[in-house]
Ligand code: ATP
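Quick heads-up: it's one chain on its own, the form predicted on its own, in structure tokens.
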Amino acid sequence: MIKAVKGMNDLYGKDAYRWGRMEEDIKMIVQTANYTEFRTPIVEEIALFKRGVGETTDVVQKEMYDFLDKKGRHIAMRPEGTASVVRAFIEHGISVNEPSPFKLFYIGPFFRYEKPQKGRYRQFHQLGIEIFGDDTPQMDAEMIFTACRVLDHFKIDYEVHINSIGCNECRPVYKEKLIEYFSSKKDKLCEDCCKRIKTNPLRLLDCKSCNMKMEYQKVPVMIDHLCGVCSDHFEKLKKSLRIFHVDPVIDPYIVRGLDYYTRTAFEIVADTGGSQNAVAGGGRYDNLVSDIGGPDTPATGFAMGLERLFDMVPEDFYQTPMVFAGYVLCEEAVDDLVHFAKHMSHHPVTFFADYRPKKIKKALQKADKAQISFVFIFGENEAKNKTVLMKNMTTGEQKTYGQHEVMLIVRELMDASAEFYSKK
């Protein structure tokens, strides 16, 4: 038997319904903040991610799905969304053709080859928000507040952790201090961190194996070494967040895992039920557009893991709709059910038609197993008299309607639905 690839999951039934509703709600929230939807391809040239994400990051060195296509081009399945959006931003001249700031969102699948665990899979889905053309800390605060609005909608408890990782002026000096501090502690570091001392010293702070927060409490932190401009930006960020009623936790160990971040870095943490507690994260990346070949354009954004969010949304947050079904007991009634199904399709009810004739007992058993609320029976008498028998599967009550009385039937079904949901 062929099974799904490890770390890539199927979604169906009630879970697929809840997922779809969750995405609809997310889109509604971000669109009210004037973010427009943006779609990019699932595959890109690998050079985009090496240049945009950073060749020394774990994403590029260990986690990408990449391959040669039939013409020998080196292709990668997108491991994150920002680099692809920046490529499109440059390619389509959006900085020239669209007003600034340009605010967008995307929802879709991404791919990383890493050990699957709860809420973290090899094919995973993210909500991403990106804002181009605004360098203010107030826009960073609004962007973080938008992530909070999504979590608030789903009644999830969380904390917002923020940090500043400086800019090209102050960060090189800080990196040297990190290198100096950790060079004498190589014997206590994991293998990856020993390499990071030379290749990417900021990532030392983000290592889960070495537990920096507990083991290295005297490590130099970036917020103590910010230049005047970055320090002012960070203070205004904190002030603006509080105006948005977001009370941030200052966390100097947040550096994010990608090379393109500058100044603002943040994570939103919550009880995800797994070993990873970050449900969203991002920050400012003012140099990425120019690094990839575009004009100097300040930018900021975040990504939110939808699998982790989905696991935290209570199962009863969305009520599955009441389902109604029609069954035929004889061949003569099949066309009547076809007509009835066509008329029901014009109304806001969920209706299922089974056109295969069967005995009444079998039809009711199928309806009960499928948790159908009301069934409509088309038998010999119904075909002869142009009627339909409606049965309430909860109470057992039965009524006969003319097949043309669809409006009366729909009104009763909608009244039953309203009563059902009012009791939930």
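Residue numbers run from 1 along the displayed sequence. None of these values were measured; they are calculated from a predicted model.
Another form exists, predicted in complex with the named molecule; not displayed. Remarks below refer to it.
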| property | result |
| --- | --- |
| Contact stretch among 86-94, 121-129, 350-358, 243-251 - heavy atom within 4.5 Å of the named molecule in the predicted bound form | 121-129 |
| The named molecule contact in the predicted bound form: Arg78, any heavy atom under 4.5 Å | no |
| Partner contact for Arg308 in the predicted bound form: the named molecule, 4.5 angstroms, heavy atom | yes |
| Interface membership of Ala280, the named molecule in the predicted bound form, 4.5 Å heavy atom rule | yes |
| Heavy atom of Met304 within 4.5 Å of the named molecule in the predicted bound form | yes |
| Residue (of Lys208, His74, Lys186, His346) lying close to the named molecule in the predicted bound form, criterion heavy atoms within 4.5 Å | Lys208 |
| Heavy atom within 4.5 Å of the named molecule in the predicted bound form - residue from Arg171, Arg196, His233, Arg256 | Arg256 |
| Any residue of 167-196 that, in the predicted bound form, places a heavy atom within 4.5 Å of the named molecule | none |
